[in-house]
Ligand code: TYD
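Okay, so here's just one chain, in C-alpha cells, the form predicted alone.
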C-alpha cells in the first residue's frame, strides 16, 4: 500500500503562517465538502468505515492524531501532526482515526457531498466488496 502525504506550501513572516489550498492544484480533486473533528474524548476512535467513491485529504490542523489505513490486504498507521501536511485517503480504503491529542482538530476535505449509500460501515462487507471488485 502506498501512503500519499501532501506537503502544502507554507507562507509566513513575523506575523505568522498561512497555508492556502486549491482544488486540482494542491488537492487532487474537486472539494465538495469540508468538515472537522475536535474535542475528541480520550480513547475514542473515529471512522470505522470506507467509501465506495469518495476521496479525502485529512489534515490535522492543530494537535495530532493517528490514522489506520486498511486496503483489505495491508494495514498502515500514519501519524498526523503538521498543519501543512495532508494525508490522501482514496476510495475503497478502510480508515480509523484515533489517539487524538487533547487539542487536536482534524480537518477533512472530501470529493463528494454526504451520501449515506457511499459509506461501507461494516468491515466484513468492506472485505466482500473488495473481493467482488477483484473478481470482475
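Positions refer to the first chain, counted from 1. Just so we're clear, the structure is a prediction, and the values are computed from it rather than from any experiment.
The next section is about a form of this same protein that is not shown, the form predicted in complex with this ligand.
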When this ligand is placed as it is in the model of the complex, are 5, 24 and 84 each within 4.5 Å of it, taking any non-hydrogen atom of the residue?
no
Contacting member of 66, 46, 75, 62, with respect to this ligand in the model of the complex [4.5 Å, heavy atom]:
46
Within 4.5 angstroms, counting heavy atoms, which one of the listed stretches 85-93, 24-32, 66-74, 46-54 is next to this ligand in the model of the complex?
46-54
This ligand contact in the model of the complex: residue 119, any heavy atom under 4.5 Å
yes
In the model of the complex, residues of 97-111 near this ligand [heavy atom within 4.5 Å]:
97
